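Included below are structure tokens for two forms of one protein chain, each presented in isolation as structure 1 and structure 2.
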Structure 1
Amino acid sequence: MSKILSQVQCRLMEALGASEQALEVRAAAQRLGLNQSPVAAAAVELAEEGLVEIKQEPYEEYSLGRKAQWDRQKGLPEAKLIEALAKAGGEAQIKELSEHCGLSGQEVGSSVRFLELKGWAERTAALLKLTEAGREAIGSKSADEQLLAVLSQAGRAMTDEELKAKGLDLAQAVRLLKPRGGWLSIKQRSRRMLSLSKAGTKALAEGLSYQEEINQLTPELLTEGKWRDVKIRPYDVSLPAARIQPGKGHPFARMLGQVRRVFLEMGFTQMSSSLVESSFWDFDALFQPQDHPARDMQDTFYVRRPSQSKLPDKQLVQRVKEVHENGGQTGSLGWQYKWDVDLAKKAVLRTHTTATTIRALAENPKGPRKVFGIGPVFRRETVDYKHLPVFHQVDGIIVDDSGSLASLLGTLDAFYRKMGFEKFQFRPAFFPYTEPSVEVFVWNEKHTDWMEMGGAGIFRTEVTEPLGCIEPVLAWGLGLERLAMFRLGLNDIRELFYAHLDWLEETPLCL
């Protein structure tokens, strides 16, 4: 007696019966001229009937990593180093090699360990000596270089079977590329292989017949009553479907939007100010002395054109001047130096968004009031995994006669919890413009360490009273790139701004 199946199921069984080996779902779909989804659904249904066997076969997929700096023309720098060593008679001082191989001193220094890893050279203090293996490697390509060349030429991800078919020593290539963090991406994949079971082979031999199936009812089927004679195909939501990559905003931009929403939900008003700021608002109004190290050229970007900015009204400038020199009417001693108005006029790229909130406080010093600003800031930072010269901050102030350090910490606690963090702490700190002051730290699981996120405190009277504010002002400035690193599972802050489409596509819309 023949087995009654759907048309796709019948065609799939016939294709598997005609094949001498198991077929991958993709290959079976190509043979049938169908999309993978209906073929995969038919395979699952046949497997439930015991007619088809589905086996998961793991494999690895290789592609160039996000940090790969592979240039097919230049090759790996250590290949040039062994040639230079050979020309130098087999040994040379490390610092002298850059003159003989066309590489920078930094490239030579970073490549020495790869020479030793490959056994091409031996190092004694600053002397590098070519080994026999290094001489034999001249003019040839090592396993890692071969793999990089193949992946670069292919311009796509390749499976381990494809690479081994090209004669590559994958194990050796991976061992050599592993120390070059981020040069090689290896993803674990699996494919579903389909074949007929004994019962399926028997059913195919006895003959198959199919009943027409439909995906949806039509007006004709309903009006003519033919819906009684057809079979409606069930919809299995657990089956894999075609991958769709919808348009979406950059993950970091979406996170900035989330930060903004959190503060708006907490009753804050958003303010903004110019990226080019006067030193008066960026430093002086915050009671930061004019000889403070942060105001040096090596820490701050000063603007050449315009080199000076306009100052606010003379009375406010005079009050700030007096506070710096002798404390003015605040009861403070000030910084005890002669304040220079020309230094206050210097134009800078703002070093923090506190310049936004301090302007807002000067415009309206009366509480109760809650204000925040969010945007890019600029500092002469050394670029590494957690520092950038351009980054984003969110600054905020609360002007409230009953404001206290406890309410400040409670506000920050609420913000970080709304952003999905549970493990954070506040540590005592010092800032020229707040007292008491704290630094905010969040636990970084990947680096198993606490990472600083920003500072907070209560503005000193030397900051608030010249602006006409006599109430406590709670203030904070928090970095957002590091927050995004944790939320997106990144190891390096620079990865936020790399143009890697695969990462952008795979990052979920719900962060």
Structure 2
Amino acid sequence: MSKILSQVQCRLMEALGASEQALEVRAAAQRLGLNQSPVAAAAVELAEEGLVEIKQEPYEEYSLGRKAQWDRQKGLPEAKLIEALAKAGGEAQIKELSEHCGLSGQEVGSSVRFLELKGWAERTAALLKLTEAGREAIGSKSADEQLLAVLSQAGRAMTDEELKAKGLDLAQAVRLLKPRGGWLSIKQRSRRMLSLSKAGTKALAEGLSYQEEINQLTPELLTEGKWRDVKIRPYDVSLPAARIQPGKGHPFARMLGQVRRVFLEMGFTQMSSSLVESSFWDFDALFQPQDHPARDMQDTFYVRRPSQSKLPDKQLVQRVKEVHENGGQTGSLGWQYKWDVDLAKKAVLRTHTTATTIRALAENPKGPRKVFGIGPVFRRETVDYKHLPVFHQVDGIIVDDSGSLASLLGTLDAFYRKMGFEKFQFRPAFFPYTEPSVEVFVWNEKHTDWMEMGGAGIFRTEVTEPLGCIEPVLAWGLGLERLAMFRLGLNDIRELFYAHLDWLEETPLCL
């Protein structure tokens, strides 16, 4: 016996010798009262010496995917669909099913495939027919639903053995859930099982001896000079290190920070305003007629408490009223209707950050000025992969006697270049409060198509004159979520606001 072993190596061999079964690295570390990494390193070294055998035992770890968590309450749509089919007398047009079961047409459409896969229904053209198997499945839980229920109940990841022990038909559940994407996450993992080799058993029987070898330099070894007497154990420098992640800012918050920096760099002053806003500032001051579809209950969140906001000084309100009704002093025809002051008082959740810039302009209408505001805005949308009731915008204005459409395009050009985009396009557009107006498009290589980013233009005279502003005001309001999704490669907008820590960990700071 001439091998020089370290203390950890010796202790590991003794522990393995004392155990009747092979030990997993974690279990061995526990017995030795050590961390896993020195034990794992010792095991690898001993295996190289032929004293220990390491066997990789693969296993699978199951956990709920993101969609399963977002739609946890809803569950899989098929159960509702077969019930609805049964109620409809065993068959129905796919188009009409959504009325019967409270699911959206899109959800119904995407579930048909799974009904067929489960053998619960057959489809001929647009007609869906319940099968015998489908009828029997009503009220009971299929393998995929069972698996989701068990995982949801456990609230943690589970191994395949654990799940099988619960009597689940795992193969069937996986077959049904995998094509759905996002519902189930399966990680391939392996355990390293350690046991003594024949040579190792023999060496242990012969008795082990070790030379004092140290892993870590201690202050004592250094101050007392003892380091001269010990051997500092060499490492296998090629071994990978444990993965650790730094604390991080949210990728979207960092992007909002970058947007802010870009405008500061271009000499803009930042402003903010309230999320609750009067219709006056959100719409009327921007010359949006009071019957404009954007002001509909359909699109805008109105507020019950506070139901009304106060209006600014009477003269300003009067000038805005006149400009709506007949153009006032602006030389415009106006919208030619009777303007209602009560509608202007109605409080809304602001629908754009233009409410911020128009307030800033009213406060000080004299150029030269450059102002911007970033923040959340609200539109009446239900939550799905493409929509949220809240999104972020950056609005800016330049009040300058020399301002022109050309300098508006130049400013937007500079902004998108600073944000790292090279291919973009400006097209004419129509907004109630700017004229001329322009829409910005950015090239999306992945979809090989132009993506709409937001609107801009020169504020109409009907907007600026009532505020006492006589210079051209270049203005823009750009959506930021799309920009973020584009840059971060996201397909689902919920990722930004219903964050998964693994996504935050995995997303590098350079994006």
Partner chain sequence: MPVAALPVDVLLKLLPMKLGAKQLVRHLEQLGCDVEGYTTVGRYRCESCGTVLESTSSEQSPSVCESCGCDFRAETEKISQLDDVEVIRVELLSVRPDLFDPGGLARALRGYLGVQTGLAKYDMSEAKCSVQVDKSTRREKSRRPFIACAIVRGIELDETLIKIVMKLQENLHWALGRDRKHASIGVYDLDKLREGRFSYRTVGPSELSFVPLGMDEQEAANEMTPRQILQRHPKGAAFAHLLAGFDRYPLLADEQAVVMSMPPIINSQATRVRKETKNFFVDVTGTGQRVVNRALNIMVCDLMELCPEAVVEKVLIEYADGEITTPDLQPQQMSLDAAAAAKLIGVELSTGQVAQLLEKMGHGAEDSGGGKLKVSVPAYRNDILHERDLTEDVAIAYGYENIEPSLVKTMTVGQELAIEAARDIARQTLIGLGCYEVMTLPMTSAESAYEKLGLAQTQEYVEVENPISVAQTMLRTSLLGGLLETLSLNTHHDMPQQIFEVGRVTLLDKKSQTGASEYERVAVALTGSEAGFAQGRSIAESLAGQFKSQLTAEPLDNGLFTPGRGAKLLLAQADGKQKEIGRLGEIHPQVLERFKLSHSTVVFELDLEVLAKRLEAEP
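What you see is a predicted model, and the numbers here were worked out from it, not measured in a lab. In this text, the rigid core denotes the largest set of C-alpha atoms whose superposition between the two forms falls within 1.5 Å. Counting starts at 1 and follows the sequence of structure 1.
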Shown alone, the chain in the form predicted together with its partner chain appears as structure 2
With both forms fit on the core, has P472 moved 2 Å or more by CA between the two structures?
no
Rigid core superposed: S190 CA moves 2 Å or more between the two structures
yes
After superposing the rigid core, is the C-alpha displacement of Y337 2 Å or more between the two structures?
no
Once both forms sit on the same core, give the Cα displacement of E91 between the two structures in angstrom.
7.9
Following rigid core superposition, Cα shift of K202 between the two structures in Å:
23.0
